[in-house]
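Next up: a single chain in structure tokens, the form predicted on its own.
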């Protein structure tokens, strides 16, 4: 690192990349100095728009020619494991990787091994975890008055039927199996992350059902239940056939905490906590207003602070590996119509 700036290369210049480019302009410790996309016109366009020194259409060339302190992978899930390996082999040991980190438990385990062998730092870009709304919920559930968490409900759905995929979503990787598309590796990864985080224990077993798009071949609907070693149970819903929902609800002994928009918070949001007086029919509601914050900026700041100041990552890698293993188990349960028992004995 020179000039006091963390020099970053960004790979994948699609629509989502602009969130990272804009965040970098607001974090004083970092500078995106190069960008890369297999579509040269996209890489060039981003370089011009954000005044980036160099652009590439091949990640190998970028890693070879640029002296980078870190890389942001804003690419398809199916590419992550290979791209992480290329970064580490080139000597770039700091990686912010968009979710989902990987597409299978075996891929996640291989990434874990590579990171340990190379003394590297990888953080999954799951932006919602950096938002102050999540910090407030952590505070509420840790209060003695809340009691113990009994169950968690998490939903991320939106009506995006397959018949629109040839028009409105023609270029959307989420409908393309060859890119790692499907709700488990996009929307549901938020749900699993949230449930695993707040449950406070390892998943013990999972069961799921859902559906596969006849045209796309990707999972477009999945509904699951996760049981944890401490007795907490989580219920998840992720569907392209249901109306919009981005809800997180924690049901504790004494309170219910609800965040109506949990995964993509772009404005202010209200957390509601309901509790009852001794009379069964008397419900009290506490509201907590959370102001607008840019979770992408907070995420990038945390990434930089880990590297520069040796602070702790909001999402340590072992959490992301467990999340991928849980997603893998849910997909297996859905496809094979069976309960899947989780096994972490080989993960250390």
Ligand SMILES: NC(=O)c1ccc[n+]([C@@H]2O[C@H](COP(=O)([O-])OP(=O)(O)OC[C@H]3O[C@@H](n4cnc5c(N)ncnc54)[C@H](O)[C@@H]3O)[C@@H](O)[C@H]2O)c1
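Treat the numbers as computed from the prediction; the structure is a model and nothing was measured. Residue numbers count along the first chain shown, from 1.
Another form, the form predicted in complex with this ligand, is not on view; read the next lines as being about it.
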Select, from the options 103 to 111, 215 to 223, 75 to 83, 198 to 206, the stretch whose residues sit within 4.5 angstroms of this ligand in the predicted bound form by heavy atom distance.
75 to 83
Quick one: does residue 38 come within 4.5 Å of this ligand in the predicted bound form, counting heavy atoms only?
yes
With the partner left out here, check for me: in the predicted bound form, does some heavy atom of residue 173 sit within 4.5 Å of this ligand?
yes
Do residue 152 and this ligand share at least one heavy atom pair within 4.5 Å in the predicted bound form?
no
Close approach of residue 188 to this ligand in the predicted bound form, 4.5 Å, heavy atom
no
On the criterion of a non-hydrogen atom at 4.5 angstroms or closer, are 54, 67 and 71 all touching this ligand in the predicted bound form?
no
Which residue among 99, 136, 256, 130 has a heavy atom within 4.5 angstroms of this ligand in the predicted bound form?
99
